[in-house]
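First, one chain by itself in structure tokens, the form predicted on its own.
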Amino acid sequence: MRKELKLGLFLLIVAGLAGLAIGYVNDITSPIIAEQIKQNKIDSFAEVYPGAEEVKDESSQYVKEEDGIVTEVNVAYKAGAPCGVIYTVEPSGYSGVVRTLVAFDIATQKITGIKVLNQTETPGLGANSEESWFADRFKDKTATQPLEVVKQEPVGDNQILAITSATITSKAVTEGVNTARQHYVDNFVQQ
């Protein structure tokens, strides 16, 4: 009985010290991790909308519950005037949410770029949605017309060639882009 109490007390002390050590390390690293996340976000904004002098999160003004998969709206500025809009959308793919950035240029009303930030799609298939060759399929598409996914070589300007054997993921990304596109048209295009 005494042996079990000693062992239990020893394990309690070791577990307590380990918990304190983990908490201490977390306190040291959490600001560094938060800064890296912020920098990655800024870098991603520059990737999908290059040339912006400043990007402001204006989600509180533009995102409403009924917008569904639109989770964030950032407005890009040049010389103090809005020049582009960068959306964060979260459509559902084959294995889960496909978190994507979609950027539009206000002057040309075209998509300047997209970037899949996070996804849990099938490796080698849907995971290819993160590749630049897939993102390039959306670049310079007009914001005034909905996009559609096709399995054959696109013949229309509004068609996106699906990733081979990953049509669900391709449709999910395109759904996210179309949702952002509609929000952009409703809020930023002069009618």
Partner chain sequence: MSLGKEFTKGIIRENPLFRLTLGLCPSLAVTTSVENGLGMGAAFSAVLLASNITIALLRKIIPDSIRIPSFIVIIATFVTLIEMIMHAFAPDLFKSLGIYIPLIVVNCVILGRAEAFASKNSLMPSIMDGLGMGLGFTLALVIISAFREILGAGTFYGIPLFGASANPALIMILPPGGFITMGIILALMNKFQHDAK
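This one's a predicted model, so the numbers in the text were calculated from it and none came from an experiment. Positions refer to the first chain, counted from 1.
In what follows, reference is made to the form predicted together with the partner chain, a form of this protein that is not presented.
Of the candidate stretches 53-61, 118-126, 154-162, 141-149, only 118-126 has residues whose heavy atoms lie within 4.5 Å of the partner chain in the predicted bound form.
Interface membership of residue 7, defined by any non-hydrogen atom within 4.5 Å of the partner chain in the predicted bound form, is confirmed.
At a distance threshold of 4.5 angstroms between non-hydrogen atoms, residue 132 is out of contact with the partner chain in the predicted bound form. Proximity of residue 39 to the partner chain in the predicted bound form: non-hydrogen atoms within 4.5 Å are absent; the residue sits far from the partner. Taken together, the three residues 11, 15 and 29 all lie with some non-hydrogen atom within 4.5 angstroms of the partner chain in the predicted bound form.
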